[in-house]
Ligand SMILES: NC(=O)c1ccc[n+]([C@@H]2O[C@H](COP(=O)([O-])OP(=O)(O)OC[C@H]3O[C@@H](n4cnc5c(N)ncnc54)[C@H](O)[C@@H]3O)[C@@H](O)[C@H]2O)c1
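Just the one chain here, the form predicted on its own, laid out as structure tokens.
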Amino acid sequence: MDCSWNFKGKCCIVTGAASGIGKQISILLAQSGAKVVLVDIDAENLISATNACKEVANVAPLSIVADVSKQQDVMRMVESTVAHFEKIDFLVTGAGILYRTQFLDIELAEWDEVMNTNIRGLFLCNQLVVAQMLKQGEGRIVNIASVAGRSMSLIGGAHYATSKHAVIGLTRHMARELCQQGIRVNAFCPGATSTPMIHDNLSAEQITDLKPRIPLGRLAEADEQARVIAFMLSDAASYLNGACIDSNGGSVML
């Protein structure tokens, strides 16, 4: 992976770090000199992501198994990070789940599960991390939304699209409220990306049918998306606040 960012001395929490875009941005940050905190509910795949970060940085990152929808887990995440690294410079919220259930078939329990992870969990991570960033006087946050938050999704169900619209709304409000206190908040809206979420929910034939709908003619790779997030965290994006950066190969809607 080409590395052109210098995040030496910065501490970044990445949720959803065990796979997909979360794993790739963790690796890129570690390669760029950051002190990385990998957070995920998937303990087994978190070990693999941790080892990948250690391999590129020669320093083991802090790994935390946590369910972001649980306040106590998020509190433990923040407390462990501060105890280990004494600060939190960056937050990337990559934790999310997707179901393809048709609207009339969505049961309340499934609706709540999606909302608990995709928006309650993201809210908790943002709120508790921001409390620490305010003590420091600065911080940068990238909330991972989706092209579904810009319009709708042909991959996920209505609950997934709704949660991603909420991510964008929360991000924009936070950006306006917190920027005067040194904290910049932006949303990242990836299109279809070759990650376990896509491959677990679509057949090979469905993925093939999806590609012609993307002007570039292919799915994004997770490391391509990670590079956009790295830019958003970098000093090069110093005037970026409350923005929603699309990285979807030219797709207005999937």
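All values derive from a computational prediction rather than experimental measurement. We number the residues from 1 along the sequence you see.
Below: the form predicted in complex with the named molecule, not depicted.
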Review point. 143 to 151, 176 to 184, 80 to 88, 100 to 108: which one contacts the named molecule in the predicted bound form at 4.5 Å, heavy atom to heavy atom?
Key: 143 to 151
Revision key, fill the gap. Students should find that, of Cys53, Val68, Ala34, Val37, the residue having a non-hydrogen atom no more than 4.5 angstroms from the named molecule in the predicted bound form is Val68
Exercise for review: Answer yes if any heavy atom of Ala57 is within 4.5 Å of a heavy atom of the named molecule in the predicted bound form; otherwise answer no.
Suggested key: no
Check your understanding: At the 4.5 Å heavy atom threshold, is Ala18 in contact with the named molecule in the predicted bound form?
Key -> yes
Check your understanding: With a 4.5 Å heavy atom cut-off, would you call Met197 a contact of the named molecule in the predicted bound form?
Key -> yes
Review point. Going by a heavy atom distance of 4.5 Å, is Leu28 a contact of the named molecule in the predicted bound form?
Key: no
Practice item. Any residue of 21 to 50 with a heavy atom within 4.5 Å of the named molecule in the predicted bound form counts; write them all down in order. Key: Ile21, Gly22, Asp40, Ile41, Asp42
